[in-house]
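A lone chain, given as structure tokens: the form predicted alone.
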Amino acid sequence: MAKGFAQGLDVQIVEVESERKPIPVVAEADVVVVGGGPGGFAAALRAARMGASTILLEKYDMPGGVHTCGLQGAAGPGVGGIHTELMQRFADEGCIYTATQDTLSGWAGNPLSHYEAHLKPGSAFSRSSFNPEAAGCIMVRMLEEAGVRAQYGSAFVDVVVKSHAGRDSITEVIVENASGRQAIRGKVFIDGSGTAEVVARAGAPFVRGGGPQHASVAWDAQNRPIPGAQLWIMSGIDFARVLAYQTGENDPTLAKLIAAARGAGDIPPELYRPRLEGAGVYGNAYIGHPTLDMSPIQGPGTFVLWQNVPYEWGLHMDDDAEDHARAKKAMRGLIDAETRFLKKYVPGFEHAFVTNVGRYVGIRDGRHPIGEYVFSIEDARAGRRFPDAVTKPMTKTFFWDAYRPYTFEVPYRCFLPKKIDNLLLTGASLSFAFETIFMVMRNFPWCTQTGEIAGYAAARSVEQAIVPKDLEWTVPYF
């Protein structure tokens, strides 16, 4: 018996007989990119600019992934290539907002801050973000300018894999859209799904999300995935009044207000959970939500807020429909509960209102593909160099290890999944071990860079009439 996700009822699992219908091949291209997040967007843009006919398949109404559809909108200095171009386009078209100590007094060191809470109170800071909706429009235009055939509202479903001379390649991907099921044929495919969906459907090997981040805690011997989150935006917030309450009532974390609301039954137990301490990989990050968690975005009085899926639930939203449905329902309920709490109890929120809720619950920890090389934490610690490095030595700070910087390279082989010859990986779906991908190797700049690298490799492969696994890589791209 299985638990029905809609009603929570026990249902009998049966196989449904249906008449098989042929799936039409409606389009063909040199390069087919599945997923329009930062990685998929950059991959499609680079491949098309190099002359490869390119199709981008995206289930939402614009590219950008968690930073547009998901509302995160994290802006920052360009790191080169398409990322630098993108940040400049956003700035030129007026969709970047920057908050500083002059415009948002009392923000540095404030425990309500998602990013600046660790700073010394009163210190200088600069936090830039871009308007997610406006940025999505710019990205749509950039793809059109490059000649990318972007198909929005098309959900990836499956792949067709064929073998030749003992080697497996994808011939078509299957999508579901307003026309039903359709097949898209290609020469080279790029997995920009963020959760290695193409890898999974193609039968390539991967490790399921999760890891021993809190194995030292007695009750948590399971390898639970890092929980996902849904972002939402509120406007009309008078932060000066919030700050005045925090300082005047000596209640920096709003603990008194939270306690009062909880005592009155106005806060569900899942909201404002205490952090779980532990000595595992991720410390206590993302596994508790003890207070309001927000960051300035778009303009004065507007903030983006985080609502995390309870860590204890151990949901695998990337590969379990019941987990996914539970997370979606729970997040909407918690966003609603937190909104009502803030407006009723917290000075400065009386006239605030919800302006946007992310289109999906973001997945922080999904499948980890096994590629021709799996990059590990030891590679970073040892500062390893590789003959097929995709970038020059780069320095990244791993926050779990006392913010220690490591300088290392990443090999092209991390872009090549085992088993499938004509598939390239990007961003959070690269062949990285559990301990490394979450730390610094899934942010907007890196995902955009890896997408550009994948798009370049795809176009080069098409030019040479070879598969990406046969492409010789000897010079760093960045």
Ligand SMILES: Cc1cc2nc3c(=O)[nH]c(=O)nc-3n(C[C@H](O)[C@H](O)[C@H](O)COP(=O)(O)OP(=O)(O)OC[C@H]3O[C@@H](n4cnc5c(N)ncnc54)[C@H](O)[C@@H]3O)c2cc1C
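Each residue number is its position in the shown sequence, starting from 1. Keep in mind it's a predicted model, so treat the numbers as computed, not measured.
Absent from the display: the form predicted in complex with the named molecule. The rest refers to it.
Query raised in the report: If contact means any heavy atom within 4.5 Å, which of 135-143, 249-257, 264-272, 225-233 contacts the named molecule in the model of the complex?
Result: Among the listed stretches, the partner-contacting one is 225-233.
**Report entry** Contact test in the model of the complex: K419 vs the named molecule, heavy atoms, 4.5 Å
**Finding:** K419: no, not in contact with the named molecule in the model of the complex.
**Report entry** Partner proximity in the model of the complex: E58 to the named molecule, non-hydrogen atom cutoff 4.5 Å
**Finding:** Contact check for E58: yes, within 4.5 Å of the named molecule in the model of the complex.
Query raised in the report: Looking in the model of the complex, any heavy atom of Y115 within 4.5 Å of the named molecule?
Result: Yes, Y115 lies within 4.5 Å of the named molecule in the model of the complex.
Report task. Answer with yes or no whether F444 is in contact with the named molecule in the model of the complex, where contact means some heavy atom within 4.5 Å. Result -> So F444 counts as contacting the named molecule.
Requested in this report: Scan I363, I96, L104, L86 and let me know which has any heavy atom within 4.5 Å of the named molecule in the model of the complex.
Outcome: Selected option: I363.
**Report entry** Option touching the named molecule, based on a heavy atom within 4.5 Å in the model of the complex, out of E197, D293, E338, D379
**Finding:** Contact check passes for E197.
**Report entry** Within 4.5 Å of the named molecule in the model of the complex: residues from 402-428 (heavy atom criterion)
**Finding:** In sequence order, T426, G427, A428 come within 4.5 Å of the partner.
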